[in-house]
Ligand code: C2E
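Below sits a lone chain in structure tokens, taken as the form predicted on its own.
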């Protein structure tokens, strides 16, 4: 059948090929005839018309030259005779073109008229007495005659061009038809080739597939058996003997590979012929996978056996890695959530304790990742050795965090257990001949279950609650124990909400500045102000900086907020000065992250340039801790800032760790006495002594001093006595919104 189809295709291709060849020959003859006509008739006609135009132009030129005596009579007569001969010869040749004979007759008539004018001009100019008026009149008639001849030639040329275009179109049409026939025939040939090739490949593949299937059982690396309806083995491939040898079984007893309940599986396969029967069983040390297929048309079973021992071990290993920490052997956080989910479903009572090993970051920075992991393994082993396996389960939650789940559990028991763990942690751990001391931070939460709640969500919530209590211990310094309460959850939720909203506070224009006056201690005159950021939340109202500034510092958003405060403070101060108010200096606090940025000088320049504020009207406040991180870099940065004319102040002085030796190196202009030393004055003689020392030291270094938090007249009088230069505090004014500060501003000047 296939061969007959191929023969019919070949006959079809042959017939089409003959038809295409005949058609191409016919079209080729047509193209040749067109080309011959073009070369033999139309091209010479165009050339003769061109030659005729040249002779006419030469005749006209000759008449003008003869008239102007440029040419002699003899030269004129000679050249004129030559032109007449050329014209007659060209016109005779033009008459051979059947399509142009009528135009040639018209052309002869006009050439005769031109020749008559030439004869008349020649006679006039040959007279003894030349009538120049008559000569000019005759010469004036030459140009119109020439134009008439040119018109006739143009008509002949246009007719010839149209004929040429028609011949070209005919030629192109014939060639295009030839190309289409050739392309069509080529496509046909390609289709036939594809058809034949497809069937040839199909025949080859079918033959190969049959040969491959014939060898499948023999070359299969896994045992293949053929069983009768009663389970007797009628065929076994060579791989069966190899598996029998591995199991030390008789080589010819293939039935030994089958499980005892094989007849049951055969019956199941016979009943459910739509799908194969597959199961696993153990034989010796191997795990085997058996697939049974029943062939109803042959009334026999095909059995395929595969050794899946390695795969089963790998799956068990993956399962272990998925639910156990490889370093400590403890179950991990995924097993924790799974176990807690089951416990919630069973409504078991228990306590979840989050345990975090303190000082992990210090050990990492000192000893590196490898030593830190060894230390954490030691911590895990110590915790594991102290648990009661019947009532407690220890999990490694990740990094330096562990979770201890106690069954059953109550807060009192959790507290006693936490005290034991904290006591055990006081003993040093020996890691690579090093003695390391570490404490624990422990947070506990009682397990709860609610009807209809998702066990996975409840389990996650209990872990989060224990982590929240543990984080509170860590923020307080660690080495302690805390129990989760609802206030922690609300605080965490509020913090998360605050982080989200704070990201949009600048773009939503929710931030604003309040300004607290700085006054001269002696006169009480306004000399400056400190810009303090406030957040007017769209739902919560005014939020204290004590709440959102720590969050901004932890998340890094303090940089964007600090940049906005700097620009807004400069803009507002410049606006007041442009309005005619007495110039005063505005102080802006720099955050530690902002101070560490290499872009700080550029940001200062940009804020001053945008606002138009003089650099002398800007003061930047930095803290002791900021300048002590990298003194050499800080000195260079402060020099660059101060060189712009910006005033520099050291804030919260006396609470940090800077020494007088360092302080004198920093290019600052003033120091601010922290409010911690002011609030108990004058009653606390120690605070008075500290304030007195700071003022004296500042004067010795030629620095001005500012006292923060002044609230009473007694504090003011004492600071006057000590020689403090400026005062800032509620005694004069609390931080004011811009409009209220403007009123204060005007009142003090």
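Since we're looking at a predicted model, the values are computed, not measured. Positions refer to the first chain, counted from 1.
Keep in mind that the form predicted in complex with the named molecule is missing from the display, and what follows is about it.
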Assess the spot marked by 621, 708 and 735: is the named molecule within 4.5 Å of a heavy atom from every one of these residues in the model of the complex? yes
Pick from 90, 330, 532, 414: which residue has any heavy atom within 4.5 angstroms of the named molecule in the model of the complex? 532
Among the candidate residues 549, 138, 236, 519, which is the single one with a non-hydrogen atom no more than 4.5 Å from the named molecule in the model of the complex? 549
Even though the named molecule is not shown here, does residue 651 get within 4.5 Å of it in the model of the complex, heavy atoms only? yes
Residue 160, heavy atom within 4.5 angstroms of the named molecule in the model of the complex: no
Do residue 448 and the named molecule come within 4.5 Å of each other in the model of the complex, heavy atoms counted? no
Please determine whether residue 590 contacts the named molecule in the model of the complex, using a 4.5 Å cut-off between heavy atoms. yes
Would you point out which of 682-690, 709-717, 696-704, 48-56 contains residues with a non-hydrogen atom within 4.5 Å of the named molecule in the model of the complex? 709-717
The named molecule in the model of the complex - contacting residues of 668-695, heavy atom within 4.5 Å: 675
